[in-house]
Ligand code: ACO
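So this first bit is one chain, no partners, the form predicted alone, shown in structure tokens.
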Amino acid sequence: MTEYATLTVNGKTIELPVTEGKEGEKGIDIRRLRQETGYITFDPGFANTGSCKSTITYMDGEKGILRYRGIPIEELAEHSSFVETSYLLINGELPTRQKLNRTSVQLNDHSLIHEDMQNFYQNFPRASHPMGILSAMINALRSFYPELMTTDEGYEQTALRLLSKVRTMATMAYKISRGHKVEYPRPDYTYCANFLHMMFNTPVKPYIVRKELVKALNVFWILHADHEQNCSTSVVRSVGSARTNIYASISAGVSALWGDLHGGANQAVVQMLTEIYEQGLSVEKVVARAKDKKDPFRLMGFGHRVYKTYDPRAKILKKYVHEVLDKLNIDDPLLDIALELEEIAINDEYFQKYNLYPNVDFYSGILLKAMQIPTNMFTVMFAIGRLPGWIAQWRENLIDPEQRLVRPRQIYTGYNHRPYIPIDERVKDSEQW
């Protein structure tokens, strides 16, 4: 039996159907609202607006739950690999051993990029940010691989191509920015091991891939693989709603992720730690400033827009951060500050009262620094991890019969009707522009 919500506007009452998800979350279907009342909803940031029905990721910010295709993130981080988790997100089910091996082989087969693409890289200014380069190069892939995905097999091949080549393109951007020789992937390495090899191997100093770092990188990318309808994922879906090709849609997602309020948060954590160290600030004073409502200073890496309890991803990543620091015996003053900050903040009543727990960005910034990933590559690392989620969300949006071209409404607050004034009659010396 259908449940309805009753809305009365200017004496007129209408019934709007209630839709319910598999985990009990409810939404009011307002698709008839404007047609029957002339009203629209006003929801800046869309915090109370559901834009789609999805089978990919479930999260509960109040309870600290995150699941991919029904499987808890804790189990995937413990037992899975990034390649297997990517398969799960993109295809809906965990692969058999045969399918997983086949996927790994295909990722290796697709790992090289067209040699002509190196010309693009060489012509970017040396100071170009890797995220700008990555966004541009993903969009350029459409020119090198123009075939359309008209079948499930075509979709699978495009997904594999993206997962493999984006990893190669990211490391290539880093190498070229340093003026170093580009490293090619090795067929005997796993996905994550190959990334570390392509990032850090040089002809004069071979890079030894450590299993601790490979495991930590797998976990890092698994934890970032999808996160429901966040800013960049919503952008991928919005661009894709125009029936834009997957390369352009994901390129737009990379650009959205680049923002400081989204994917750039882990980089902001390290920048904050650097300022604390260089200015010789005590951690106690930094925490006191963060608690002072009159002080504009904000403690980066604490609290979350959705989670009102401990971010489940942060709990997992914290474990691996401490393991990596212990096993690598790293001596870094920024990491020491971070650990001291963590200890004080998690035991402070103010932080507990306002649910300002360390989030995944806090620990990911520490982990990436411990792995010697350059700060300007932090958001690129996030983008590689989020790629399987973007692919799955783009595909789901494409085949969903309820989806339409994204076209939000607005509440207009500008001038009312006014006449055009000839240029010689306008007020002179206007300060505008």
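The numbering used is simple: start at 1 and walk along the sequence shown. None of these values were measured; they are calculated from a predicted model. Rigid core here is just the name for the largest C-alpha set that superposes within 1.5 Å across the two forms.
The same protein has a further form, the form predicted together with the named molecule, not shown here; the description that follows concerns it.
Given that the partner is absent here, state which listed stretch (197-205, 210-218, 335-343, 257-265) has heavy atoms within 4.5 Å of the named molecule in the predicted complex. Flagged stretch: 257-265.
Under a 4.5 angstroms heavy atom criterion, identify the one residue in R298, K315, H322, R142 near the named molecule in the predicted complex. None of the others qualify; the residue that does is R298.
Interface residue in the predicted complex among K285, R126, R243, K293, criterion: non-hydrogen atom within 4.5 angstroms of the named molecule: If I apply the 4.5 Å criterion carefully, the residue I get is K293.
The named molecule in the predicted complex reached by all of Y87, R97 and Y189, non-hydrogen atom within 4.5 Å: The answer is no: none of the three residues contacts the partner (heavy atom, 4.5 Å cut-off).
Mark P185 yes when one of its heavy atoms lies within 4.5 Å of a heavy atom of the named molecule in the predicted complex, and no otherwise. P185: no contact with the named molecule in the predicted complex.
Contact with the named molecule in the predicted complex for N359, defined as at least one heavy atom pair within 4.5 Å: yes or no? N359: yes, in contact with the named molecule in the predicted complex.
Would K175 show up as a contact with the named molecule in the predicted complex if we use heavy atoms at 4.5 Å? It does not: once the named molecule is placed as it appears in the predicted complex, K175 has no heavy atom within 4.5 Å of it.
Since only the chain is shown here, I'm wondering whether H110 would be in contact with the named molecule in the predicted complex (any heavy atom pair within 4.5 Å). H110: no, not in contact with the named molecule in the predicted complex.
Within 4.5 Å of the named molecule in the predicted complex: residues from 372-402 (heavy atom criterion): Residue within 4.5 Å: F382 only.
Rigid core fitted, then: does A288 show a CA shift of 2 angstroms or greater between this form and the one not shown? Comparing forms between this form and the one not shown, the A288 CA shifts at least 2 Å.
Fitting the rigid core first, would the Cα of H262 be found 2 Å or more away between this form and the one not shown? Comparing forms between this form and the one not shown, the H262 CA shifts below 2 Å.
On a rigid core superposition, would A159 pass a 2 Å threshold for CA movement between this form and the one not shown? It does not, since the A159 C-alpha is displaced less than 2 Å between this form and the one not shown after the core fit.
Report the direction of the Cα distance change between L328 and A345 in the predicted complex, compared with the displayed form, as closer or farther; the change is 3 Å or more. They are farther apart; the C-alpha distance rises by 3 Å or more in the predicted complex.
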